[in-house]
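Before any questions on binding or motion, here is one chain by itself as structure tokens, the form predicted on its own.
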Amino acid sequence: MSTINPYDVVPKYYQLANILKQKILEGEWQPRTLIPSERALEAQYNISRTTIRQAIDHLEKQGFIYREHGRGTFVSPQKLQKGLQELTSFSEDMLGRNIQPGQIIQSIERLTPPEDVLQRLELPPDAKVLRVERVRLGDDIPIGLQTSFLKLAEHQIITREDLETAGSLYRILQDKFNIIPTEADETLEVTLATPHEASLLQIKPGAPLLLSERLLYNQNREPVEFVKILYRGDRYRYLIRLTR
């Protein structure tokens, strides 16, 4: 049984939310069934009611559970989860679509990024970041071009070997530096492929691309990564569920 680690850098509510989410995803808790009460969760995981409520609120915002006044908290029907927008890495996203993720590393270097990147990462002028450029693959087919600007100290180094082993920057940030990706602001827009982009993505110049720009925050609500991903318009789409 999964337990809460009080010494883990990951907040307790986030640990609990992940444990409960796995019960839903693995079918242990079926759709429309009542989840255990706060008192039961408190006894089982030895954490405070406040922490439990934070975890429940987090899962409700993600669409995994819903509340009924006077009755309790229930597992959401599966169909409500298909449009769920979670904070996932490219690798996690691909695996969630039953696609094998991959990468071609173009470059890894420390440099001073453009001024707009410095501002987003709340860095002073002339500060240096780690820039990672990759072609992202799905089932060995080029799907996107990813440029990540990481706000890391000089001693926090990410190597090609790290990337080739882990595949996911989110995993490296968490496992190597105890930087936990928790929130992000993301924008989407349509653009057209330049000849260079088209060559890397194996498409025609001028083909439509989906540009995603994401500012990632850690567990302390500090910006840690600004990333741009150009997705092939014929291979990728976003699904967003709106509720009222």
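Residue indices: 1-based, along the sequence shown. Keep in mind it's a predicted model, so treat the numbers as computed, not measured. Heads up, when I say rigid core I mean the largest set of C-alphas that superpose within 1.5 Å between the two forms.
Separately, the form predicted together with the DNA exists; it is not shown, and the next lines address it.
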Heavy atoms within 4.5 Å of the DNA in the model of the complex: which stretch among 203-211, 23-31, 190-198, 40-48? 40-48
Using a 4.5 angstroms cut-off on non-hydrogen atoms, would G233 count as touching the DNA in the model of the complex? no
Does any heavy atom of R71 come within 4.5 Å of a heavy atom of the DNA in the model of the complex? yes
Using heavy atoms and a 4.5 Å limit, would one call K176 a contact residue for the DNA in the model of the complex? no
Taking heavy atoms and a 4.5 Å cut-off, does Q54 contact the DNA in the model of the complex? yes
With a threshold of 2 Å on the C-alpha, tell me if E189 counts as moved between the shown form and the other one once the core is superposed. no
Is A17 among the residues whose Cα moves by 2 Å or more between the shown form and the other one after superposition of the rigid core? yes
Using the rigid core as the reference frame, would you say I56 shifts its C-alpha by 2 Å or more between the shown form and the other one? yes
